[in-house]
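Okay, so here's just one chain, in structure tokens, the form predicted alone.
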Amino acid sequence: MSGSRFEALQSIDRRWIFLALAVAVIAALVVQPVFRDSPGELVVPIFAAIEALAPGTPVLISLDYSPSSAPELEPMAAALTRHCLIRGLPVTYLSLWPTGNHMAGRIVERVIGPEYPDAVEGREWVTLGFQAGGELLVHALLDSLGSRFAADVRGIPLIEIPALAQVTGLNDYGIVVSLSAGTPGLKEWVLYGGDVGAFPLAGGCTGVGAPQFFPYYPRQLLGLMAALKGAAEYEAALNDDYADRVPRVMQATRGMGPQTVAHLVIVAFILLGNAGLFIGERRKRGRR
């Protein structure tokens, strides 16, 4: 290969890179390769905490995101829901975001309905839905759910809902998990809930939001699922312990296939460019 060709490797037209990336991602979407993951250091504590709860212990999942962030956060909600229903832990869904009711409805429609047809609303799960207030709402719920929620989204009073029979306020939950795409969200749950309450707090967040929450682990956050990777790790933990009771390939694991292929293509072009630079420099020095 001539020196000019090595120089060409260092300055590949970006359009070829974009084309190669597009072809690779489209091929991955068609073929749907599966890359098995394993639970990471920040995900294992969440799984272990839920695994350790006695059947009947209530769990709260705060769906603090909108449809635009659902590809990253909804797989976390689905995996947590599966785990809780398998373990016999009644789930409470609420949200600090106006889109929360819709997000909870998607979990019921896509996970609970098809996979757990015997689950009964009000017994295995309850949706309290959205309430305005952000951090003020979190603080108010510490002592009493009834201070801000008179009934669930169906209009049934809280006192008549079996899933909330053991619950007065947030401190009665075995664990609270906020799946957060921004503000209000996980940060408000840490500062106005977990820091002043007596309940374990865990979280899930988008990839771009993850760095701001790492300092909270492990003292203020029991664990953290970061982006689609964190959701895939939780799915891997479910497959390790409950392979016969959950889908073989779940949403995040399926989504990691195209993402992994795209990353491999990018790394390949980086290596190609550096190889051209390295070999070209060696040839220049050899001619001197």
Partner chain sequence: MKRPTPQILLTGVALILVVAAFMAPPGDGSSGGFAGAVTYADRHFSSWFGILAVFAFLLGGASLLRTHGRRVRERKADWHYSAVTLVSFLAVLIVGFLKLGGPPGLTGDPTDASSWLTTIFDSVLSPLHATLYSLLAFYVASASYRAFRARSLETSVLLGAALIVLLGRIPVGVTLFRFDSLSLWLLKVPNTAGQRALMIGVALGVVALAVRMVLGLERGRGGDGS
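Positions refer to the first chain, counted from 1. Note that the coordinates shown come from a computational prediction; the quantities given were computed from them, not determined experimentally. Under this definition, the rigid core comprises the largest set of C-alpha atoms superposing within 1.5 Å between the forms.
Separately, the form predicted together with its partner chain exists; it is not shown, and the next lines address it.
Visitor: Give a yes or no on whether each residue among I112, T168 and Q251 has a heavy atom within 4.5 Å of its partner chain in the predicted bound form.
Guide: Contact check failed for every one of I112, T168 and Q251.
Visitor: Among 211 to 219, 80 to 88, 168 to 176, 112 to 120, which stretch has residues with heavy atoms no more than 4.5 Å from its partner chain in the predicted bound form?
Guide: Only one stretch passes the 4.5 Å heavy-atom test: 211 to 219.
Visitor: State the residue from I50, I61, L42, L238 whose non-hydrogen atoms include one within 4.5 Å of its partner chain in the predicted bound form.
Guide: Filtering the options by heavy-atom distance leaves L42.
Visitor: Is it the case that I159, even though its partner is missing from this view, gets within 4.5 Å of its partner chain in the predicted bound form, heavy atoms only?
Guide: No, I159 stays farther than 4.5 Å from its partner chain in the predicted bound form.
Visitor: Does I17 reach its partner chain in the predicted bound form, with heavy atoms at most 4.5 Å apart?
Guide: Result yes; I17 sits at the interface with its partner chain in the predicted bound form.
Visitor: Look up in the predicted bound form whether S147 has a non-hydrogen atom within 4.5 angstroms of its partner chain, and give yes or no.
Guide: S147 belongs to the contact set for its partner chain.
Visitor: Is there a heavy atom of Y242 lying 4.5 Å or less from a heavy atom of its partner chain in the predicted bound form?
Guide: Outside the cut-off, so no.
Visitor: Could you pull out the residues of 262 to 277 that have any heavy atom within 4.5 Å of its partner chain in the predicted bound form?
Guide: In sequence order, H263, L264, I266, V267, F269, I270, L271, G273, N274, L277 come within 4.5 Å of the partner.
Visitor: Any chance the CA of A70 moves 2 angstroms or more between the shown form and the other one, core superposed?
Guide: Shift at A70: below 2 Å after core fit.
Visitor: On a rigid core superposition, would V44 pass a 2 Å threshold for CA movement between the shown form and the other one?
Guide: No; V44 is a residue whose C-alpha shifts by less than 2 Å between the shown form and the other one when the cores are overlaid.
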